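A lone chain, given as structure tokens: the form predicted on its own.
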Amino acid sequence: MDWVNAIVQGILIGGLYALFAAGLSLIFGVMRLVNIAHGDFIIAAAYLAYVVISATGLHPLLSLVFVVPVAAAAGYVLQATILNRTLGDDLLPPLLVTFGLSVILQNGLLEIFTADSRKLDAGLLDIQTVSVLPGVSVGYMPVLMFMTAVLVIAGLQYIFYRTALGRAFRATSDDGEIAQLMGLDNRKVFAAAMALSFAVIAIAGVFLAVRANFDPFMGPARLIFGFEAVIIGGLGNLWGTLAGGVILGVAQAIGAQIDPGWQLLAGHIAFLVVLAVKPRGLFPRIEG
């Protein structure tokens, strides 16, 4: 049953990778912006939760009540004041600016919190497990994490295709000039998209901090996991992002089962295989 257990655990960790990827996929789909600092913002959200919990004594999951709105507001302000100025036909300026933000965030977090790793304690929720098959047990927290990923992506899907805000997202993504002629302010739409992305980032940051130790320099690796999940699933497909996260998680779990040193390598190989066979991902969004 070791292999079954490894695959089950890989599926569950895929939920966390999907949370890493969902916000990245959203902002790319709306404004074609690749946020190099995405992983560092996830770590910043983890540290924000750490500060809130240290000050209030709240459970990590309850800290989301404070962390999510603050993160969303920060995303709106960041897009409205800085990133909107970089958008245009040239893809290089936003890449350079977000790379600069990544460097600033890493060094800022290092200065404030030092290089010591930290972890959020979720109490019994973090250690309790339930047996689903003989020899296969799953933890309450990984299951909750996966369910949250499904709910978050379902919520984003609803917003994107069933609300006025979602119609604004799709209109500005399809043709920004026509959207402006119809009365939309693209800059405000982009800022709203970034706020929504940062809300998802906050959820991912808290779950990451509960699952594992974190430090100021973990951001780039989270960006890679998120980027690989987006590409595997297919650009612009939110449910594909969840599938991509699961495939990445299962690949890593199988690699670790073969040899612990192959865990990350197996995930990267799965990414490269999908990229070679289907460059647009397994479930790309169908335009038109």
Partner chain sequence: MHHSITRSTSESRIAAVMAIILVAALAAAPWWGSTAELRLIGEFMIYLSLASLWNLLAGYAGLISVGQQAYVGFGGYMLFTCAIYLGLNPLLAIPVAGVLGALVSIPVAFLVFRLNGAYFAIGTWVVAEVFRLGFAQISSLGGGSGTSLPIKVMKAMAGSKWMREAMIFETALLLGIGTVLAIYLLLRSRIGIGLTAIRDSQIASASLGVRVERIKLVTYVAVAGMTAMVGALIFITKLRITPDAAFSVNEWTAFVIFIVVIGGIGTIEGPIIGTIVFFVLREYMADLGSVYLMILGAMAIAIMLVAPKGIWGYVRERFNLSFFPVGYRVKLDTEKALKPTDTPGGT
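Computed from a prediction, not measured in an experiment: that's the story for all the values here. Positions refer to the first chain, counted from 1.
The same protein has a further form, the form predicted in complex with its partner chain, not shown here; the description that follows concerns it.
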Check your understanding: Taking the shortest heavy atom distance, is Val230 within 4.5 Å of its partner chain in the model of the complex?
Key -> yes
Review point. Does the 4.5 Å heavy atom contact test between Leu24 and its partner chain in the model of the complex come out positive?
Key: yes
Check your understanding: Is there a non-hydrogen atom of Gly57 within 4.5 angstroms of a non-hydrogen atom of its partner chain in the model of the complex?
Key -> no
Point to revise | Partner contact for Pro220 in the model of the complex: its partner chain, 4.5 angstroms, heavy atom | key: yes
Practice item. Could you tell me which stretch in 89-97, 113-121, 136-144, 192-200 has residues with non-hydrogen atoms within 4.5 Å of its partner chain in the model of the complex? Key: 89-97
Review point. Considering its partner chain in the model of the complex, which of Ala80, Val152, Leu101, Ala74 comes within 4.5 Å of it through any heavy atom?
Key: Leu101
Practice item. Run the contact test on Val70, Gly255 and Pro284 with a 4.5 Å heavy atom cut-off to its partner chain in the model of the complex and return yes or no. Key: no
Review point. Mind listing which residues of 33-57 have a heavy atom within 4.5 Å of its partner chain in the model of the complex?
Key: Val34, Ile36
